[in-house]
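Presented below, as structure tokens, is a lone chain in the form predicted alone.
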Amino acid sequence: MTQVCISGSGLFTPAQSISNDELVVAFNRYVEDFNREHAEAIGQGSVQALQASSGDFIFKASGIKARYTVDKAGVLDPAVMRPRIRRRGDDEPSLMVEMGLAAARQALERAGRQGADVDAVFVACSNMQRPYPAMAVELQHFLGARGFGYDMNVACASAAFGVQAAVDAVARGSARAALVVSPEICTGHLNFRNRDCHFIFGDAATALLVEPADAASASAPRFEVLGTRLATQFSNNIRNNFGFLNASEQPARTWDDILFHQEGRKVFKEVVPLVSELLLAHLGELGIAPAAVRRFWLHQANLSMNQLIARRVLGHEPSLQDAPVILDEYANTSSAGSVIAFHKYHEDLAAGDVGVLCAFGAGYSAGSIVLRRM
């Protein structure tokens, strides 16, 4: 088996950002309009009045201060409250592919590679713009890559699952180099009219290049992949019911049901032990003590959840050096979150330092990638 490394990472960040305060103004305007419009029914008790949100509530519940989006105006319009995206023709690059290309090209540049050096492209993210042709094949085309590509969806853990697929392809010789690209337009499946979750998501795209360690440029920021481990456990506590059969279902689903929804407290209670045990078991198999791990690049969904997972694994209160946070700036970017943390916080690691990239989310799904700086 070929020794494999991650030799480059890339990040695309949309130009527009929405602060908590801006989001709250739009949400509370919607609440006021709704309560006014339904005042009689609310007074009769047949309709429940909506509650206003606040910046303090959002930060206390999540650790989020802002989020990037592909369209700020649509999200902040109380009559719209979703990103407005120009419909593109079939002969134009898809928006997700456009975002993914920007991240992929940056990853290739950092690794000293070109698109023609890539034999496999995995687009691994929570939601695809369409079922087919695969976003990965479209991205492969515009990148000038060779070989093959396919899409994969394991919700917020998608990037970790994509890395394992890439590592396996390179290690077994079916690809000289593989790209894992995670474009996320999470604001498109977020219900901005739901107080419990209207603040959670943001948009971004990431990319990781995986190739043989002995073929990677010595000037690239190489991280040897010491091992990968995946786990899934079925749960309906995080769900998105969007699909091609929605129009055929009788009775039809409401838009609220089609969009992202979750039982947040149940998710917290069940995911923390699942991920903590996965990490401890994986490190144990590799003979690595948790204290020897220099950095944990965790999925960025909820600050309290990340801190508790890191505390359970490390046995002490984690510092920002132990487990960096990008959640405050980016919010939850689903599969992209852990890779954003890696992209922004890996350059200070020295040769021999060990880090763990860990993604987890709906499914439940979780993945652990143990890396060592070369």
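All residue numbers refer to positions in the sequence shown, first residue = 1. Treat the numbers as computed from the prediction; the structure is a model and nothing was measured.
We do not show the form predicted in complex with coenzyme A, though everything after this point is about it.
Student: Non-hydrogen atoms within 4.5 angstroms of coenzyme A in the predicted complex: do Phe161, Gly227 and Ser368 all have one?
Tutor: Per the other structure, none of Phe161, Gly227 and Ser368 touch coenzyme A.
Student: Residue-level contact is defined here as any heavy atom of the residue lying within 4.5 Å of coenzyme A in the predicted complex; does Cys156 satisfy this criterion?
Tutor: Answer yes; at least one heavy atom of Cys156 falls within 4.5 Å of coenzyme A in the predicted complex.
Student: If you check in the predicted complex, is Ala178 within 4.5 Å of coenzyme A, heavy atoms only?
Tutor: So Ala178 does not count as contacting coenzyme A.
Student: According to a 4.5 angstroms non-hydrogen atom cut-off, is Ile238 in contact with coenzyme A in the predicted complex?
Tutor: Yes - in the predicted complex, heavy atoms of Ile238 and coenzyme A come within 4.5 Å of each other.
Student: Even though the partner isn't displayed, in the predicted complex is Arg265 close enough to coenzyme A, meaning a heavy atom within 4.5 Å?
Tutor: Contact with coenzyme A, yes.
Student: Report the residue, out of Asp196, Glu277, Asp256, Glu270, that has at least one non-hydrogen atom within 4.5 angstroms of coenzyme A in the predicted complex.
Tutor: Contact check passes for Asp196.
Student: Of the residues Leu50, Ala61, Ala66, Leu314, which one places a heavy atom within 4.5 Å of coenzyme A in the predicted complex?
Tutor: Of the candidates Leu50, Ala61, Ala66, Leu314, Ala61 is the one lying within 4.5 Å of coenzyme A in the predicted complex.
Student: Thinking of coenzyme A in the predicted complex, which stretch from 188 to 196, 241 to 249, 166 to 174, 115 to 123 has heavy atoms inside 4.5 Å of it?
Tutor: It is the stretch 188 to 196.
Student: Can you tell me which residues in 301 to 326 come within 4.5 angstroms of coenzyme A in the predicted complex, by heavy atoms?
Tutor: Going through 301 to 326 in order - heavy atoms within 4.5 Å of coenzyme A in the predicted complex - the hits are Ala301, Asn302, Met305.
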